[in-house]
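This document starts with one chain, in the form predicted alone, laid out as structure tokens.
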Amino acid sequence: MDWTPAGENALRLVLSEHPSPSTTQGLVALQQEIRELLGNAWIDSAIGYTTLTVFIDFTHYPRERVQRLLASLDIAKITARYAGDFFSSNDAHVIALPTLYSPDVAPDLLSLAEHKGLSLEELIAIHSGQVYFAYANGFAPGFSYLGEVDERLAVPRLATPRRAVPAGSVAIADRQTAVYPKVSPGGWHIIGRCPTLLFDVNATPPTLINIGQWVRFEPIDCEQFVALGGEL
């Protein structure tokens, strides 16, 4: 593995593989292994679709020593050790997000269905009918990039982003879907709303969805949405 400098206190690994659940799972496993190896020298890390950046306190270990150590790791063997239930897509390990698919909370739901030549019921069935993989977290705390969306629902980002997307908005852009954890700007097509809290600074970990996990959306009605704390 070729680790290259990423600023004065970080090293980055870039994999040649295409983005996939197995690639991300390898990066997650490698991240856990390196954290244990570095101990007090560990500061933080960031996983991308095919990258792992590790932030290191080089006052504990010289940079050259750390680079040699990381280069000697076998990602395939590490992935096998760390896989277990964490990477399982079995129902017992999938995060279920209750979702209200309704024009009352989703301004792009009907227009997307019409654009795709689908009924509202067909669109909902397609989006909620599969399990999604969390490839990366970013943009905002608790925002997870989930894929891949069925190609029948794939749609480019909005030409003009909205200045304020309501918290809990379930949206699609290209072959990805996500939930906006807080009110924020956004250019994705909104097709539903989820009442589940995705980011809690007092929780451990603070994010409900973490990289390498699996997620599915469960359709609910307005009454269930309000009972779960949602606001219409």
Partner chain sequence: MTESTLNQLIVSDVGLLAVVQDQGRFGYLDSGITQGGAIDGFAYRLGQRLVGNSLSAAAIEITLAGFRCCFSHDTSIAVTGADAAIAIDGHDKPMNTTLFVRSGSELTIGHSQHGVYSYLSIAGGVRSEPVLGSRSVVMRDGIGANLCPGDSVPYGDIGPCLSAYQYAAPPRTESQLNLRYIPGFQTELISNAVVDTFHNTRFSVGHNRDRMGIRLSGPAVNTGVSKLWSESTCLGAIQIPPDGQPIVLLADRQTVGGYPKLGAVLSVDCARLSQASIGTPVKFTAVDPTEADRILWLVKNYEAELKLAKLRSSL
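Here the structure is a predicted model, which means the values were calculated and not measured. Positions refer to the first chain, counted from 1. Each form is matched to the other, and the largest set of C-alpha atoms that superpose within 1.5 Å is called the rigid core.
What comes next is about the form predicted in complex with its partner chain, which is not displayed.
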- [ ] Report the residue, out of 47, 38, 167, 171, that has at least one non-hydrogen atom within 4.5 angstroms of its partner chain in the predicted complex.
- [x] 47
Open item on the list: Would you classify residue 142 as touching its partner chain in the predicted complex, given a 4.5 Å non-hydrogen atom cut-off?
Closed with: yes
Open item on the list: Is residue 17 near its partner chain? Define near as a heavy atom within 4.5 Å, in the predicted complex.
Closed with: yes
Open item on the list: Test of understanding: in the predicted complex, would residue 137 fall inside 4.5 Å of its partner chain by heavy atoms?
Closed with: yes
Open item on the list: I'd like to know whether residue 7 contacts its partner chain in the predicted complex, with contact meaning heavy atoms within 4.5 angstroms.
Closed with: yes
Open item on the list: Check for me whether its partner chain, as it appears in the predicted complex, comes within 4.5 angstroms of all of 21, 162 and 180 - heavy atoms only.
Closed with: no
Task: Stretch 181-201: residues contacting its partner chain in the predicted complex, 4.5 Å heavy atom cut-off - done: 182, 199, 201
Task: Rigid core superposed: residue 60 CA moves 2 Å or more between the shown form and the other one - done: yes
